[in-house]
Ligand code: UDP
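As a starting point, one isolated chain is supplied in structure tokens, in the form predicted alone.
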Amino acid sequence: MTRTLITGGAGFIGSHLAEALLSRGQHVTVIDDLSTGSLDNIRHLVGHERFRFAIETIGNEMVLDRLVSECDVIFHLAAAVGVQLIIQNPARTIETNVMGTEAVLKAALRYRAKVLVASTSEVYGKSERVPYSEGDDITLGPTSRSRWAYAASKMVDEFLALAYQREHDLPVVVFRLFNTVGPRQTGQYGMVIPRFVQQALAGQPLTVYGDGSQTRCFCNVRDAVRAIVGLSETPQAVGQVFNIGSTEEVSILEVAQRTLALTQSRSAAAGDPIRLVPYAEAYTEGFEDMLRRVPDINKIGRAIGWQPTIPLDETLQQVIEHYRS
């Protein structure tokens, strides 16, 4: 029976992953310092005979060593999350991501545990070549713009993980997540869909940053978890990088309009249900955003036969129900 460790397992994606692994009969341990995760996300799992958790940072070498010594597979999801947090705390972002990943890889090497490292579509930077493919060149902005610190730190995570695989033959898989959404995601760190849903349910105007023409592809967390689990069970995935995301491209303005319609919000009855907010006001002067972000998912399709199955409107409905309840 597989024994798994999820770093950042009390987070939005980690908690859904824990559920999926338990349903497959695995033993699941979660380590999370609750800096961005929440005990509420895993409260329903506490007491399960194959589930346990530690409220601790992965920077605690003694605790991490013990947990890794007792597992076969590590899903490394612990990281700084959300554009807002990254802009406000760039030093913490870099340290959390790079040092955290190094600590996990060192511990994994001691016990030969398999590691799946969560990365992000942010590593594609401001490349205009769409859809983004795993082998594409990458274009980042200047070091004076803190938003690129996150992308660079996650690139270092990837370099480090792949270096451990090549130099030490450690079984490592890297996956890049594109705008994963669903129940339990918080709008606290700038995540757009939970923010829209909370504003709509409160009858407030929906705040769209920029002019709303920027497009994204939102992938339901259940689809994303299915992909992550599939990669963990595929030996051929070791030493490789995979995109995980939806290819249903939609503008942020349209997401706001769909949210208003699905919630039947009082905001829609108001004179101005959508408020456009300049990036400089939302984040910081000189903030750069990508006009389009679309993944090429052919590689993961070939590797494990994965495709997303849950359309955006269904995902929005799930988030709405979550906040209503």
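Position 1 is the first residue in the sequence shown; the rest follow in order. Keep in mind it's a predicted model, so treat the numbers as computed, not measured.
Below, we refer to the form predicted in complex with the ligand, which is not included among the displayed structures.
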Option from 276-284, 66-74, 45-53, 32-40 whose residues, in the model of the complex, bring a heavy atom within 4.5 Å of the ligand | 276-284
With a 4.5 Å heavy atom cut-off, would you call Tyr209 a contact of the ligand in the model of the complex?
-> yes
At the 4.5 Å heavy atom threshold, is Asn179 in contact with the ligand in the model of the complex?
-> yes
Any chance Gly230 has a heavy atom within 4.5 Å of the ligand in the model of the complex?
-> no
Does the ligand come within 4.5 Å of any heavy atom of Phe196 in the model of the complex?
-> yes
Thinking of Val192, Arg216 and Arg293 as the candidate spot, does the ligand come within 4.5 Å of a heavy atom on all of them in the model of the complex?
-> yes
Since exactly one of Ala237, Val130, Ala152, Ile252 fits, which has a heavy atom within 4.5 Å of the ligand in the model of the complex?
-> Ile252
